[in-house]
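Before any questions on how it binds or moves, here is one chain, the form predicted alone, in structure tokens.
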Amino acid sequence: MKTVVSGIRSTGNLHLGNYYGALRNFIKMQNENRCFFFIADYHSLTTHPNPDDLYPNVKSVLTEYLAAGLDPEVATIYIQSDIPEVTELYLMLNMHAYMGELAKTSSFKEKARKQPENVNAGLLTYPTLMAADILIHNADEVPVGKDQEQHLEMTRRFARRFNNFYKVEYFKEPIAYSNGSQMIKIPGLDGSGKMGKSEGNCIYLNDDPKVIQKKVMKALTDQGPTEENSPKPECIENLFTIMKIISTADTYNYFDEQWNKCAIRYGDLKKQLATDIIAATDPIRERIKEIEADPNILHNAITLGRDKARESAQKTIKDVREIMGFRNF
């Protein structure tokens, strides 16, 4: 069984794009691998978040991931800051990471450009902390998006450099996780791009049904087709893409036929799409309410995850300390 490690952002509510993209893959992979999913609260410090927001954000993210299907009895789900071994390995890896290579990463350059008043050391060493998150469990595979590929390659480099320097074959060189199918991308409601929090075009899993209906009804459309079987413009294709994922095949085929016959009524399409989204997300909203009503659910899940993660992390740190020459008197 392969060991898979993946981080979870500690800010922002889950939306349809998260759920039908990475999260559904997480739910699948937790039953096929030895999985570690951590909420990356230390990583958020690079942007100096408001201390009053940190705990509520972590709590919200943990609640929604559990409600959506991550199982703490199957996978190891934990909070990054609960595992002190991560920061110890981060320190050790930093001793073998060089400023020149860290400063060349695209993520550092982008962050430095976006927040020139806050170019902190954490931004520079972000790839090293990410490597520590992965190597602390000696992962075989890591689910990564396009923007994280460079960091994964640096993790492989740090693992290889450690092994070569200390003449051991201890750390694996993790590769990108692949489930054999293409990641589903949910488009936004604004007619272009993908669904994302920063784009303001999301439907969140915990949105009230009335809010969902209002968002869908405001989705961008055009004047309608003027020729039969004509190509759909991007804003309309986006709505059909969401419908193909959310609705039944019969529903999708009906509205596709209406489009091809130039008989489409966008109001009807949007009402049906809103209804189907509400039905698809209703079980998650109900589970969120259950978790919020019983503090023991979160406490038990995170305690179990912390204990399992620390057991794995402590073994790695013990081995690494011995390899590097640290001894107990």
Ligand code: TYM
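Since this is a predicted model, take the numbers as computed values, not measurements. The term rigid core refers to the most C-alpha atoms you can superpose between the two forms while keeping them within 1.5 Å. Residue indices: 1-based, along the sequence shown.
Another form exists, predicted in complex with tryptophanyl-5'AMP (TYM); not displayed. Remarks below refer to it.
If you check in the predicted bound form, is residue 148 within 4.5 Å of tryptophanyl-5'AMP (TYM), heavy atoms only?
-> Residue 148 belongs to the contact set for tryptophanyl-5'AMP (TYM).
Indicate whether residue 317 is a 4.5 Å heavy atom neighbour of tryptophanyl-5'AMP (TYM) in the predicted bound form.
-> So residue 317 does not count as contacting tryptophanyl-5'AMP (TYM).
Should residue 305 be classed as touching tryptophanyl-5'AMP (TYM) in the predicted bound form when contacts are defined as heavy atoms within 4.5 Å?
-> Outside the cut-off, so no.
Report yes if any heavy atom of residue 38 sits within 4.5 Å of a heavy atom of tryptophanyl-5'AMP (TYM) in the predicted bound form; otherwise report no.
-> Contact check for residue 38: yes, within 4.5 Å of tryptophanyl-5'AMP (TYM) in the predicted bound form.
Within 4.5 Å of tryptophanyl-5'AMP (TYM) in the predicted bound form, heavy atoms considered, which of 246, 93, 195, 75?
-> It is 195 that has a heavy atom within 4.5 Å of the partner.
Can you pick the one in 143, 225, 122, 191 that has a heavy atom within 4.5 Å of tryptophanyl-5'AMP (TYM) in the predicted bound form?
-> Among 143, 225, 122, 191, a heavy atom within 4.5 Å of tryptophanyl-5'AMP (TYM) in the predicted bound form occurs only for 143.
Does tryptophanyl-5'AMP (TYM) come within 4.5 Å of a heavy atom in each of 9, 15 and 184 in the predicted bound form?
-> Every residue of the candidate spot has a heavy atom within 4.5 Å of tryptophanyl-5'AMP (TYM) in the predicted bound form.
Taking the partner as it appears in the predicted bound form, which of 276-284, 259-267, 39-47, 25-33 has residues with heavy atoms within 4.5 Å of tryptophanyl-5'AMP (TYM)?
-> After filtering at 4.5 Å, what remains is 39-47.
tryptophanyl-5'AMP (TYM) in the predicted bound form - contacting residues of 106-132, heavy atom within 4.5 Å | The stretch 106-132, when checked against tryptophanyl-5'AMP (TYM) in the predicted bound form, contributes 126, 130 at the 4.5 Å heavy-atom cut-off.
Would you say residue 24 moves between the shown form and the other one, meaning its CA shifts by 2 Å or more once the core is fitted?
-> True for residue 24: a C-alpha shift of 2 Å or more.
Spell out whether the Cα of residue 204 moves at least 2 Å between the shown form and the other one when the two forms are superposed on their rigid core.
-> The answer is yes; the displacement is at least 2 Å.
With both forms fitted on the core, give yes or no for whether the Cα of residue 14 moves by 2 angstroms or more between the shown form and the other one.
-> Yes; that C-alpha moves by at least 2 Å between the shown form and the other one.
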